[in-house]
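Take a look at this single chain in structure tokens; it is the form predicted alone.
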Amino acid sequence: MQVPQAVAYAVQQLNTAGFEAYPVGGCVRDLLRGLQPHDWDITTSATPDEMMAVFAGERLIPTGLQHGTVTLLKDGLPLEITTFRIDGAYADGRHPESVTFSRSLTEDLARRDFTVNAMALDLKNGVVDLFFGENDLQGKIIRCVGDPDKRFDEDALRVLRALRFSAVLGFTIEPETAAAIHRHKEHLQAVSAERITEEMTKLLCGKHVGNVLREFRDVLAFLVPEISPLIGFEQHSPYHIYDIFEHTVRALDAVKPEPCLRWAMLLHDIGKAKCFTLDKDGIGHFFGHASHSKRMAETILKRFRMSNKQAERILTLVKYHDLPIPPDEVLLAKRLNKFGQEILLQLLELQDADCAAQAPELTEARQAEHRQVRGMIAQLCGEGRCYSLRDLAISGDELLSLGVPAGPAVGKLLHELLNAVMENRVANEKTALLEQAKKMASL
């Protein structure tokens, strides 16, 4: 296993000064999986003061001296170097009240969360694996180091981290660890909304998220209580062969693993149960569910303290997820005017995934139509067709020169002209638009 030169240098400098030092945690896990790690952590027997002396003259950032961490910037690579340590009591269910520096690698590895993250790399002798993490890595298993109840009591965020690793890596959570997750889900209330959102987003974007949400639906429902009414809620529709929760999971699994798309898919039918009606033929309907889901999603995203930019995009996608987008050139121009190309294409992504989670006989025809629509959107945008005011061949100044009164009348007339262009009633040419403007304004 090859490590970057900067990592080898840092380890060598510490070794030369008489200290143990090992790459540790996620970087070792990724190396064993044949992947190139994004982050490099090094654990060492050196205290922070000793590290500062070893790397005197180097670019150092005292990232967290009280926890024994110094960041060395070498060859453009940030290396987090942390002293072997023993954590004290976790009174708040998130952070140790105290940290005791240690000279023992065994004590340091024993405090870590999961076996696949509790391996160190001896650059001369290979992997140091005291808790059989390599076996679990090969068996694709997430297992706590030691007692899972103790691990989750120490830090409740580990509950979500376990689910995230399972969703991203496709690993099974072993039974004792899984049972402890179910027992400790309510401890997540001790975790900040920002950290929950960060882990949830990574979880939702995992390739294997569907299976995780099904097995740990109680954890999801604790974090998003609005999910609970969807579980087992039959839709009584020939189009929907799954209950609302199963439909949601399948749709989420089918959409691209992009954060806004995955969050939108999780929330797109969150209001359905409250909109349910049954007609005289026993067919279920959910009139107005998209708008109701948008309102509920707004409350949920505020609770998660989602950034305004992301929340705005997610709410737009939820509100319009079932908006018809047929292969009609005039209507598509108007949709492009309302949403822009990026959002319109994302709505198609959502509708493809939504359809994939419905009755199979509907999927092929709908997705074929969406392919046609995508082609038409590409053509409209590629040809430079006019679907926004900035593309219009005249401006407000030219309307003023015609004698249109300054103020709201100018904007109103520009929008009327744009609508005429999109409906192919007038060419997007200056002369034609000026003539049309005169007629519309009775000048």
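Between two forms, the rigid core is the largest collection of C-alphas that superpose within 1.5 Å. Numbers for residues come from their place in the sequence shown, where the first is 1. Since we're looking at a predicted model, the values are computed, not measured.
Although it is not shown, the form predicted in complex with a small molecule is what the next lines describe.
Proximity of Phe286 to the small molecule in the predicted bound form, heavy atoms at 4.5 Å: Although the small molecule is absent here, Phe286 would stay clear of it in the predicted bound form, with no heavy atoms inside 4.5 Å.
Partner contact for Pro23 in the predicted bound form: the small molecule, 4.5 angstroms, heavy atom: Contact check for Pro23: no, nothing within 4.5 Å of the small molecule in the predicted bound form.
Distance check, His268 to the small molecule in the predicted bound form, heavy atom within 4.5 Å: The answer is no: His268 has no heavy atom within 4.5 Å of the small molecule.
Gln351, heavy atom within 4.5 angstroms of the small molecule in the predicted bound form: Output for Gln351 is no: heavy atoms all beyond 4.5 Å of the small molecule.
Residue among Lys150, Arg371, Arg195, Lys338 with a heavy atom within 4.5 Å of the small molecule in the predicted bound form: Of the candidates Lys150, Arg371, Arg195, Lys338, Arg195 is the one lying within 4.5 Å of the small molecule in the predicted bound form.
Single option in Phe131, Phe165, Phe233, Phe304 placed near the small molecule in the predicted bound form, where near means a heavy atom within 4.5 Å: Contact with the small molecule in the predicted bound form is made by Phe165 alone.
Non-hydrogen atom within 4.5 Å of the small molecule in the predicted bound form for each of Asp30, Asn117 and Lys202: Heavy-atom distance to the small molecule in the predicted bound form: all three under 4.5 Å.
Stretch in contact in the predicted bound form with the small molecule, which is absent here, among 154 to 162, 172 to 180, 221 to 229, 186 to 194 (heavy atoms within 4.5 Å): In the other structure, the partner sits against 154 to 162.
Rigid core superposed: Leu109 CA moves 2 Å or more between this form and the one not shown: Yes, Leu109 moves 2 Å or more.
Shift of Leu417 between this form and the one not shown at or above 2 Å (CA, core fit): After core superposition, the C-alpha of Leu417 moves less than 2 Å between this form and the one not shown.
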